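Before any questions on how it binds or moves, here is one chain, the form predicted on its own, in structure tokens.
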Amino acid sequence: MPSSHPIREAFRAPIRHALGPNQIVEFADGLLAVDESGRIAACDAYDRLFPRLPGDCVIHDYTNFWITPGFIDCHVHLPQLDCRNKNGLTLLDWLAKYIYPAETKFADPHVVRNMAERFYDELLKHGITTAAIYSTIHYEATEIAFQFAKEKGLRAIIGQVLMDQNAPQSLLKSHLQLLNETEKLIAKWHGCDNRLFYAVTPRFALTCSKTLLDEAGKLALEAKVYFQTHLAETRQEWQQAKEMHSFKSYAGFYESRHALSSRSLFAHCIYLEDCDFKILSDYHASVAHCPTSNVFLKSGTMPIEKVETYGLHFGLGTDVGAGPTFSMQEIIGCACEVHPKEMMNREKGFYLATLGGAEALSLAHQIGNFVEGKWADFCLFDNPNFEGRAKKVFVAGQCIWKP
């Protein structure tokens, strides 16, 4: 058993992880060995692996539970935690009535701290160990979002939302101020503890001038950080963006803004054309699929067959608060309901919530399953469907949450 560090401990339980979309590996009586650095040393059936462990290895018996890799949320909004289940509106009206007023409150650090505490606890309760998170326009709120993520110990990609037009004045800043604040946040947080990363985060094309998008795209490329935004979530948004920015191709518009790379993550992508998918594919960009959010706002259904035809990586997003739940099992179930059986089933959904999400975030070399050398991010559930709340959550082999 090759390992650059001594094996510290091992966890005995039924284990499930994915090696690919149609490659689910399961051990009815498994053993997950973790080395002293917090990385996976081995994962195998108990009777095969146990004899190979060193004599001083600590064995944790969790045979009444199930072990899964930590779930990966590719798209979620921290300030929208309390905006779930606000019914009756489509995207743009919903933003105006509920979301912008809620995000305006993030000018108050006390509001941010209270919500950040609850938000990260909800992620961890549901077994989510890695998330791509939108903050708000506020610099201090984004600082607090990073601080709480660090204290909680999970992995997070976080970005201050960028807007300089077509939103309430309290949520707008000049592109120069936004870029200056973004640069400071990148310098402080990107790569922190090898768990925290920065994403340049324009909300979407309607709230961003071409100048802001130009400079944001360039900054993301130069700093080698993530770029995340919403793309073609509704027909209304697509049409207004086209009229505003006079583009022929929505993805081509972002290409001309220097915003495409393998670290670019686009949420929804429901109303793209073949030429758009081809452009995203050329740059190895990724997609965050948010089925519960799309159903809740009646936005439409992401065309999985197009995404896969063009070879794009995609993972699942809770998209709280348009998404009403943090439960990956509910999101997988929703995806199974809205897509044809040949395109989606629970096994594939499990892959998308773990390894597929890691691939979408360019982190598959670090997390997503139990391949030797990856970080030991995993959860314990009391049922084989990984439903309900996690019993324990581990990141890099350390327990960071339990009831």
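This is a predicted model, so every value here is computed, not measured. The first residue of the shown sequence is 1; numbering continues from there.
Keep in mind that the form predicted in complex with a small molecule is not shown, yet the notes after this line are about it.
S.K.: Any chance F106 has a heavy atom within 4.5 Å of the small molecule in the predicted complex?
M.R.: Heavy-atom contact with the small molecule at 4.5 Å: absent for F106.
S.K.: Can L297 be called a contact residue for the small molecule in the predicted complex at 4.5 Å between heavy atoms?
M.R.: Because a heavy atom of L297 falls inside 4.5 Å of the small molecule in the predicted complex, the answer is yes.
S.K.: Heavy atom to heavy atom, is A322 within 4.5 Å of the small molecule in the predicted complex?
M.R.: Yes.
S.K.: Going by a heavy atom distance of 4.5 Å, is L196 a contact of the small molecule in the predicted complex?
M.R.: No, no contact at 4.5 Å.
S.K.: Quick check: do L91, I99 and E233 each get a heavy atom within 4.5 Å of the small molecule in the predicted complex?
M.R.: Checking in the predicted complex: L91, I99 and E233 are all within 4.5 Å of the small molecule.
S.K.: Within 4.5 Å, heavy atoms only, which of R203, H126, R263, K152 is in contact with the small molecule in the predicted complex?
M.R.: It is R203 that has a heavy atom within 4.5 Å of the partner.
S.K.: Just one of Q80, Q329, S209, T292 has a heavy atom within 4.5 angstroms of the small molecule in the predicted complex, so which one?
M.R.: Exactly one residue meets the criterion: Q80.
S.K.: Counting any heavy atom within 4.5 Å as contact, can you tell me which stretch out of 108-116, 220-228, 314-322, 250-258 lines the small molecule in the predicted complex?
M.R.: Single hit among the candidates: 314-322.
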